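Presented below, as structure tokens, is a lone chain in the form predicted alone.
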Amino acid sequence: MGLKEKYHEYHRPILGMASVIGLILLWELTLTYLIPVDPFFFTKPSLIGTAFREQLFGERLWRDLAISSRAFIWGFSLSVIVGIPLGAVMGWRRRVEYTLDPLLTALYASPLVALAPLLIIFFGVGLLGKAVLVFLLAVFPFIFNTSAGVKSADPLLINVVRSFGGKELDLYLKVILPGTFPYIVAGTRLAIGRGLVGIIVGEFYAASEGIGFAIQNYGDTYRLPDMFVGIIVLSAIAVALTELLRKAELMVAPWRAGEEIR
């Protein structure tokens, strides 16, 4: 690993941590010295840290995360299974794109979160209802990003594979899929955030446990530090999943490492 690569490897986490620490310090100092606010109406990082320490050694936080993670995993996995193949077909077959694109665009632009009560009523208040909501929110980034990646495939490489007698499967495995992978990764990053929103919204409307229910319950009872613990934990999970995804991308597509170094 060269000097530039080593610098980039450590430069990214250092700058990321610096921005987080800077925000925390600004938040704490502002609400402590510049604009003192009654903790009943708003909170600050020191109080959130105390609440986080208490929840960390309790059972409620981990039980809520376990309950919410099951619905997220089921809904997100289904969005991958459906979204990527459907997006690939839409990008490769114009007639399929012309048929489905208006409908999918309309659904993507519609406020699906507003339909959460209907989905919960239809599918129930358990695992299935929340998983369906996660799926509906997370599937569209996979569809549209995969479709865009397929359409961006290099025609020259496609012609080369065909000229050597390659079949349709060879085109997908050797040209289209490797070229589409960065688009899929970008779609996954969007889908993770939308899927987490789906979990929270689903548990807001109909749940007696789960991280979304805990956030709502703490907010309703003005336990703001505890409420922010749930929000921050979900944010940390999203960052961790995104970072793992970036590492996986560099393992599967190592040529992308050079593109990230600036």
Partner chain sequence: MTGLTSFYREKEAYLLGIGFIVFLLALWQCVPLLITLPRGYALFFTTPSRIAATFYRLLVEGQIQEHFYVSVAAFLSGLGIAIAVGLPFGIVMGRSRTLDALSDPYVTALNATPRLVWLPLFILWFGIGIWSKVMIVFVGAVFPLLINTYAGVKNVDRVLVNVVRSFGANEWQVMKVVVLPNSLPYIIVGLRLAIGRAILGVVVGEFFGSSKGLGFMIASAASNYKVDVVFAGVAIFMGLSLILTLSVKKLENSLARWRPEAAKNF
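Positions refer to the first chain, counted from 1. Since this is a predicted model, take the numbers as computed values, not measurements. For clarity, a rigid core is taken as the largest C-alpha set superposing within 1.5 Å between two forms.
Keep in mind that the form predicted in complex with the partner chain is missing from the display, and what follows is about it.
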Though only this chain appears here, would residue 46 touch the partner chain in the model of the complex if you measure heavy atom gaps against 4.5 Å? no
ask   = Can any non-hydrogen atom of residue 175 be found within 4.5 angstroms of the partner chain in the model of the complex?
value = no
Would residue 102 sit within 4.5 Å of the partner chain in the model of the complex, counting heavy atoms only?
yes
* Should residue 239 be classed as touching the partner chain in the model of the complex when contacts are defined as heavy atoms within 4.5 Å? -> yes
Only one of 75 to 83, 141 to 149, 180 to 188, 112 to 120 has residues with a heavy atom within 4.5 Å of the partner chain in the model of the complex, and that stretch is 112 to 120
Applying a 4.5 angstroms cut-off on non-hydrogen atoms, the residues of 21 to 55 near the partner chain in the model of the complex are 23, 40, 41, 42
query = Fitting the rigid core first, would the Cα of residue 39 be found 2 Å or more away between the shown form and the other one?
reply = yes
